[in-house]
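There is one chain below, alone, in structure tokens, taken in the form predicted alone.
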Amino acid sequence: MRLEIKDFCLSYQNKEIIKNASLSVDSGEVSVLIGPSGSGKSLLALGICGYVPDNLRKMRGEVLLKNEVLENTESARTNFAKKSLSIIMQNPKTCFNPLFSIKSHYAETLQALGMRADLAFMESSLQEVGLEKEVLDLYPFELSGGMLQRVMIVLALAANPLFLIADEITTDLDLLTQYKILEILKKVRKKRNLGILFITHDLEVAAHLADKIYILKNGKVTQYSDFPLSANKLALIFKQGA
């Protein structure tokens, strides 16, 4: 199965900032989108999910799942499409209300997906990412950044999506925690045959994870297919210009 983005274009004040971006993600594989900070990677990720910021405008482009075009906005998408594509954002601390427990956040997510807030399901899914069931009774400020990111992975996988977008999810973590998060993603990808679009500016991470690599630079996406690859090769491409 394949998630395809074709000729996607976003503009700001009539100036194109994402220009005819095309890429694809296959089931069971990791497509990595890399680019300098501020190049528009996160904006493209939000656009793919139908969340276009109010100050931007989608000019053209399609997002296809199972060869069917998804609607342009999150509100217009079918329940199937919403459950088939999940996104994890960069800073998990901004995604949680400090006044509510992890259990409350999880139950709210399940209810929004039309699912029952089953305690046994919550506990088993936490174990999948190496968290104990006691985490459910804790509050966001009681968890480390790495633990919160694991909770974000759990919430994103709650509906058993076909594809996952992971947007700079290791950026604010120390190296050991980064490694643990990447290993969790590799494990769930294999177990669920999950297709992952992994967004990063870290060339080492890109070289470690990627089945396919796309480079976003100056608003344009190009595919890099010279495998096996290394961070040094990718750095040279950045220096020369994508």
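These numbers were taken from a predicted model, which means no experiment stands behind them. Position 1 is the first residue in the sequence shown; the rest follow in order.
Not on display, but discussed next: the form predicted together with a small molecule.
Figure note: of the listed segments 48-56, 205-213, 189-197, 172-180, the one touching the small molecule in the model of the complex, with heavy atoms no more than 4.5 Å away, is 48-56.
Mapping the unseen interface onto this chain, residue 184 falls outside it, with no heavy atom inside 4.5 Å of the small molecule in the model of the complex. Using a 4.5 angstroms limit between non-hydrogen atoms, residue 9 is distant from the small molecule in the model of the complex. The small molecule in the model of the complex is approached by residue 201, whose closest heavy atom lies within 4.5 angstroms of it. Among residues of the shown chain, residue 31 is not one whose heavy atoms approach the small molecule to within 4.5 Å in the model of the complex. The contact with the small molecule in the model of the complex, taken as any heavy atom within 4.5 Å, belongs to 90 out of 84, 90, 125, 109.
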